[in-house]
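Consider the single chain below, provided in structure tokens and representing the form predicted alone.
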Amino acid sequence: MRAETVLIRLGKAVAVVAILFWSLFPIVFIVSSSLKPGQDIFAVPPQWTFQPTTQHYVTLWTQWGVFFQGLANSAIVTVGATLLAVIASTCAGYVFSRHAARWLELSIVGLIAVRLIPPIVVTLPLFPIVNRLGLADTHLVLIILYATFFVSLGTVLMRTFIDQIPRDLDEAAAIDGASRLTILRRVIVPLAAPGILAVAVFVVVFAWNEFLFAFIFTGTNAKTAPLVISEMIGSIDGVDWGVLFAASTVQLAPVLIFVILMNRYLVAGLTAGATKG
């Protein structure tokens, strides 16, 4: 039994190391490559020891000002989409949790089904509509699309969290004269805050890194950071890999820090309802 226990623990340790390597190696490679001299980035054999340089970041700042404008656009769109998705998901989750009706159950199945549709299937028919409304190449169209695309999963998550809040609290507040909106704002939202933050994490990660919607519906004014990075790859002057890795590091850093800080809420969202009952 002792040998079996040791083997099990060893197997778990190997699995954890393999997962960490699989997850962290791309990040370490990108960051380290952004600090390597250009000739060392793809050197064979790999250069594990090198003299760090910030030249790629200087070049990024001086020659790719559009990238930082893209970062600003990404921040605007991400904040707007997150606020809209969180508000809509919280309200919808409250309705699904507190009202039992057959059509509501069917509609939530519909929400999940829509989430499974490939984004390209949705975006192409919307393109002429967006152009007709004059919303092409604006922050607003991306905010609406990102929030709409993620509100289905957000609603399911919020319903699960709100289901765990006793209905007695709603009834007590209603007896005291509170309206539905007041109950939602003063009772449900504070108690469901971990769920709201979990939804916010998912939306932030999705909106900050999303490429397809931004590629189709923006051109210049609302161009996001992932689009600018794709332009670096397709540059007619050839790919400056050092600058590309520097841009990738800068684009990765904010969302990576955010996810690390909000990790407990992300885990709560992934395990929502797992221990219910």
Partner chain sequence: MAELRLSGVKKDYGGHSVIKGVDLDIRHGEFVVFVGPSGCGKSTLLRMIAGLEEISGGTLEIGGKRANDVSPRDRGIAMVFQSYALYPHLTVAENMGFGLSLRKTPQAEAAKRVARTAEILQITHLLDRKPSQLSGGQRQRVAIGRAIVRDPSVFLFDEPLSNLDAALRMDMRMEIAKLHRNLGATMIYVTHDQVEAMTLADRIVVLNGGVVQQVGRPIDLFRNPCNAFVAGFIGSPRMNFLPVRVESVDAGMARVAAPGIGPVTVSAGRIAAPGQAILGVRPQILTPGDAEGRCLLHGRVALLERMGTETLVNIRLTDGPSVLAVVPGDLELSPDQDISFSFSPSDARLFPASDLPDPSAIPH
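Residue numbers count along the first chain shown, from 1. What you see is a predicted model; the values in this text were computed from it and never measured.
Quick note: we don't show the form predicted in complex with its partner chain, though the next part is all about it.
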Practice prompt. Scan L135, L104, V122, A174 and let me know which has any heavy atom within 4.5 Å of its partner chain in the model of the complex.
Written response: A174
Practice prompt. Sort through I144, A178, V205, I108 and report the residue having a heavy atom within 4.5 Å of its partner chain in the model of the complex.
Written response: A178
Fill in: T148 within 4.5 Å of its partner chain in the model of the complex, heavy atoms
no
Fill in: Contact label in the model of the complex: P118 to its partner chain, heavy atom within 4.5 Å
no
Worksheet item: With the partner left out of view, is H99 within 4.5 angstroms of its partner chain in the model of the complex by any non-hydrogen atom?
Response: no
Fill in: Distance check, C91 to its partner chain in the model of the complex, heavy atom within 4.5 Å
no
Fill in: Contact stretch among 91 to 99, 110 to 118, 161 to 169, 148 to 156 - heavy atom within 4.5 Å of its partner chain in the model of the complex
161 to 169
Worksheet item: Which of the residues spanning 179 to 216 lie within 4.5 Å of its partner chain in the model of the complex, based on heavy atoms?
Response: S179, T182, R186, V187, P190, L191
